[in-house]
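Below, in structure tokens: the form predicted alone, a single chain.
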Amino acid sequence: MLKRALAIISLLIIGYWLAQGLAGVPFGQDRMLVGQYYLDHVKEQTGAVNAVTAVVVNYRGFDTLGEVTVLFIASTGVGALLWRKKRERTAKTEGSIVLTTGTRLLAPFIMLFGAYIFIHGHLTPGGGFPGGATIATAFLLLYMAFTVYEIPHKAFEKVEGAVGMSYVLVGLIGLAIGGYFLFDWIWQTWGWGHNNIGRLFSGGFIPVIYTVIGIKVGTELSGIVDNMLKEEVRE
């Protein structure tokens, strides 16, 4: 009974504090000053038509680097948990003729569509994360259709490491040229794409960063799929 009373009193106190804090916020007035600044200056400062991707990659690009790092840590964790155990694919039955034929026909187009999503991220809804996930879906389809298929592990590991370093390198070049990490030196210094706003070759370093993220996410998620689908071999 005492615990319940204390819980009710605590909730009332917290509710009172929240009500007092919200009472000072003018109701109905636009308080999104930073968001409005982005919308007003996004084309001028980044060359991107899609304001969302400009915010994700340019204005808060360091945070996006952290998100990519989190995915890398998750992939590394899965590998660390399973690397000591000998694991192989144990599926014995291939997919149906519909699945195998559909996979042969659709897998290349799914990968192409994933590349389209992250290459055009500065123009249309999309970006590196959904584009990379789409590419990984194509590899998942290959695993479902064929019992002997495996991704080229060594090549994927090298590509994953190279694109991860590329992201950091782009940021360090910005630090050297503009004075802060992920300064958009392609747009601000070179002026590349100033006359092409709304076209593919525009948006400063946003297409470059999104291509790097898309490839990295695609290889990491494909590696996770590979680890999850294999089973431990008992000797």
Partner chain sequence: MNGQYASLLIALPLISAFFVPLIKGFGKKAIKYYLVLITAIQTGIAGWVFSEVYSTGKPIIVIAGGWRPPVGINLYLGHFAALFVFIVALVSFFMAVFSVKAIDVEPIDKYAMLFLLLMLGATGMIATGDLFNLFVFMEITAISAYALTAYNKTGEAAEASLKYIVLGGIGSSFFLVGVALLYGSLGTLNLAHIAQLAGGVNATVAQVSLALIIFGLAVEAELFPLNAWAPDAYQAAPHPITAMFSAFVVKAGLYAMARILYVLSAASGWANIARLLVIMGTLTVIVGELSALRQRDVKRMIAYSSIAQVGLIAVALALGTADGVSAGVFHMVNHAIVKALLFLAVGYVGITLGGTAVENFEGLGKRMPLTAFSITVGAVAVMGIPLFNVFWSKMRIILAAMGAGYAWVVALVLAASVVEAVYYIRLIHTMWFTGEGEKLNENLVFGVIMLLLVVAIIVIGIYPEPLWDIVQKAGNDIVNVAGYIKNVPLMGVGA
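Quick caveat, the model's predicted, so the values are computed rather than measured. Residue numbers count along the first chain shown, from 1.
Although it is not shown, the form predicted in complex with its partner chain is what the next lines describe.
For Arg199, no non-hydrogen atom is located within 4.5 Å of its partner chain in the predicted complex, even though that partner is not displayed. When contacts are judged by a 4.5 Å heavy atom cut-off, Gly126 does not count as touching its partner chain in the predicted complex.
Its partner chain is not shown here, and in the predicted complex it never comes within 4.5 Å of any heavy atom of Thr147. Shown alone here, Pro152 lies farther than 4.5 Å from its partner chain in the predicted complex, counting heavy atoms only.
You can rule out all but one of 134 to 142, 94 to 102, 108 to 116, 156 to 164: in the predicted complex, only 156 to 164 has residues with a heavy atom within 4.5 Å of its partner chain. Residues of 107 to 121 include none with a non-hydrogen atom no more than 4.5 angstroms from its partner chain in the predicted complex.
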